[in-house]
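Given next, in structure tokens, is a single chain: the form predicted alone.
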Amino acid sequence: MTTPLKVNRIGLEPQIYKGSKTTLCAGCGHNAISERIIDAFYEMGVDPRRVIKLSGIGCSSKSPAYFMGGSHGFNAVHGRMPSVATGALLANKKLIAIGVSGDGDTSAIGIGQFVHLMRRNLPIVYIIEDNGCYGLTKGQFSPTADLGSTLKTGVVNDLPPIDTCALAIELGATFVARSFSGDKKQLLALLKAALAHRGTAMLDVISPCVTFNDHEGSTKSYAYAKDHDDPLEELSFVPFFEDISVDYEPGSTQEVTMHDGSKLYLKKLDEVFDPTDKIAALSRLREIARRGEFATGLIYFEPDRDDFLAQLNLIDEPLASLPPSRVRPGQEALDEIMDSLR
């Protein structure tokens, strides 16, 4: 008797969501993130043909090759992925965009593009695979390296880090979270919630570099991340197409409704923290950072703000599919414009 193939709600097998074999170092945290992305898209029943994968330059930017091999993809130049993502979604707003960047690609050469992507609230899942170093150029400090952390050579970082989560919240992203590549449950729940969100969902994922930044003295190593993780809440995610009761004590859980009707349940580990309070979110990030720890979980969520495409009031049809007759002004329209300028 043949065992029936395992398929998701749209009838696709897990294999469809995989990509090519990774060429990253064995044990790299980026590979664990790719695995969770595969799980999230499969379990949410997303059609890979509707997905566009975008990246810049760096170890992280190789990651899109390792998931959803049948999706659209664009490997942009260093730090310029946000503008390519913006153009792609303006041309076809029916695409589901996932951008994978690194801490160097985002917070160094690409910081200007990152700033404007966050403030526009473009509908994209934006993942920063954050290892605090430049893995492709022998492990120099990146702008997210923590003050006082050391290289393998013993060099000490004397510059304060850029906190991409704090920056994203301040600039206007409507879903901001942080996780650790080794925390399968938390990262998977956050990725599913990000897919259900309509707007910029920015996830900073601590992803240790096993070759250059996994030693004693590094604050982005596996050992340090495990020992200094300060979860804001325990997460449970229920997709809109499932009806599952969540067994939490009354009064201790906050329910977050995503744009597609999915539910993210936050079991509060600290009753004071409210992820919809921007000032509280920024304060909590700074407070935990002062202790030399990482705040992980859903840090900030703004459910009722229009995304960039809705603000522009675009028509339902993808702009890229419109014929010239509908996008090019006719002679009569041009004559009218010229007459108005005389």
Partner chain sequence: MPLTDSALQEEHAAPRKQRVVNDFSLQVATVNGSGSQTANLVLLRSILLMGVPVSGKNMFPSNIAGLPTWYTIRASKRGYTGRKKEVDFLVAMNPETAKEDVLTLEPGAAVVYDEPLKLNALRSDLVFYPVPFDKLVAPVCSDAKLRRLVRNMIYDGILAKLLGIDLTFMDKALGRQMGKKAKAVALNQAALKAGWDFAEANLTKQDPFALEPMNLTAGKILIEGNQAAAIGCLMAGVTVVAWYPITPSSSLVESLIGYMKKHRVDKETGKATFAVVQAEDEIASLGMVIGASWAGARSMTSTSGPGISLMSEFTGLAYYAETPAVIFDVQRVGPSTGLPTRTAQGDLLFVAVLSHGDTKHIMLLPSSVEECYAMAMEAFELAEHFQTPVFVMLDLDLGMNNWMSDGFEYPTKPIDRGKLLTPDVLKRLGEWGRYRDVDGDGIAYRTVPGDGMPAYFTRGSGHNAKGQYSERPDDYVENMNRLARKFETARRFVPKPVIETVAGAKVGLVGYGTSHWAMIESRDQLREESDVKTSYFRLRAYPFDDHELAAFIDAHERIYVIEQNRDAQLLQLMKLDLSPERVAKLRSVRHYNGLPIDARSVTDDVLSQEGYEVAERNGRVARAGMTGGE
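Numbering follows the first chain given and starts at 1. Just so it is clear, the model here is predicted, and its values are computed rather than measured. Only the largest set of C-alpha atoms that superpose within 1.5 Å between the two forms is called the rigid core.
Same protein, other form: the form predicted in complex with the partner chain, not shown, and the subject of what follows.
In the predicted bound form, at least one heavy atom of residue 319 sits within 4.5 Å of a heavy atom of the partner chain. Of the heavy atoms in residue 53, some are within 4.5 Å of the partner chain in the predicted bound form. By the criterion of a heavy atom within 4.5 Å, residue 137 is excluded from the residues contacting the partner chain in the predicted bound form. Put simply, residue 9 is far from the partner chain in the predicted bound form: not one heavy atom of it is within 4.5 Å.
The partner is absent here; in the predicted bound form, the one residue of 166, 95, 151, 108 having a heavy atom within 4.5 Å of the partner chain is 95. A single residue from the set 171, 210, 238, 84 has any heavy atom within 4.5 angstroms of the partner chain in the predicted bound form; that residue is 84. None of 201-209, 154-162, 71-79, 123-131 except one has non-hydrogen atoms within 4.5 angstroms of the partner chain in the predicted bound form; the exception is 71-79. In the predicted bound form, 312, 313, 314, 315, 316, 319, 320, 322, 324, 326, 327, 328, 329, 330, 331, 333, 334, 336, 337, 338, 339, 340 are the residues of 312-340 with at least one heavy atom within 4.5 Å of the partner chain, listed from first to last.
When two forms of a protein are overlaid on their rigid core, residues whose CA moves 2 Å or more are considered shifted, and residue 324 is one of them between this form and the one not shown. Taking 2 Å as the criterion, residue 334 counts as shifted between this form and the one not shown: its C-alpha moves by at least this amount when the rigid core is aligned.
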